[in-house]
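We begin with a single chain expressed as structure tokens, specifically the form predicted on its own.
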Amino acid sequence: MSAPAPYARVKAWLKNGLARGRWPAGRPMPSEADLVARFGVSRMTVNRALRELQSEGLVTRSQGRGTFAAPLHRVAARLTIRDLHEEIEAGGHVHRARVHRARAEPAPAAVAARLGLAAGGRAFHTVIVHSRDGVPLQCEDRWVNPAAAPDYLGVDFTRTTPTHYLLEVAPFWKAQYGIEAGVPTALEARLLGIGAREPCLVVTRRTEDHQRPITLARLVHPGSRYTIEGGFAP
């Protein structure tokens, strides 16, 4: 087997350090000069490694200031995890949240397995409906690993969202997500005020830090009220 390219060695060393938390979010990374001296490579080689890390959302770069570890919630396969509150208010609308459940309870077997808990292990469970201008837009059914966010149930989720809170106290390193068309459960239909067979956009998302899973969420949006929008320019 051939040896990895010089830029790949530099990139792998930096990526491994980020994964281990060697450089917390916002902290400066080694300078290009430091990396050139450490690996005995050209500045062009170092620059390529840093550019690739930047394109993957792992670092930010500022002309004249250097390279910095990016906030971990940006490491999401280019699908940014955006707080629904921000999304609603960015469109000039009013966000409201109503908490229907917030308690510790035994996690179902499938949930416990995905959160790294023993069968029957207790987890934090919240069910929250987010509204835009008074119209229910999302039913958020979330399970949280207590070891990752021990104070989760003490938060007032009418004033902040679970997403915002967890990004502050338990920033994630890895995320898995799925997006599909589906129908709501009976409870989701009732909370959202929609028919039992109304098409919905269903997003499932699981995050974890360097050591353990953090949260598993099911986000259900009525198809008639919610669209995913984006844009592209060359």
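The term rigid core refers to the maximal set of C-alpha atoms that superpose within 1.5 Å between the two forms. Note that the structure is a prediction, hence the values are computed from the model and not measured. Numbers for residues come from their place in the sequence shown, where the first is 1.
The same protein has a further form, the form predicted together with the DNA, not shown here; the description that follows concerns it.
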Residue stretch of 192-200, 31-39, 205-213, 169-177 approaching the DNA in the predicted bound form, non-hydrogen atom distance within 4.5 Å = 31-39
inquiry  = Given that the DNA is not shown alongside this chain, does residue 181 nevertheless sit within 4.5 Å of it in the predicted bound form, heavy atom to heavy atom?
reply    = no
request  = Please check if residue 57 has a heavy atom lying within 4.5 Å of any heavy atom of the DNA in the predicted bound form.
outcome  = no
query = Does the DNA get within 4.5 angstroms of any non-hydrogen atom of residue 62 in the predicted bound form?
reply = yes
query = Does the 4.5 Å heavy atom contact test between residue 187 and the DNA in the predicted bound form come out positive?
reply = no
ask   = Superposing on the rigid core, do we see a C-alpha displacement of 2 Å or more at residue 33 between this form and the one not shown?
value = yes
inquiry  = So that I can tell if residue 220 moves, could you say whether its C-alpha shifts by at least 2 Å between this form and the one not shown after the core superposition?
reply    = no
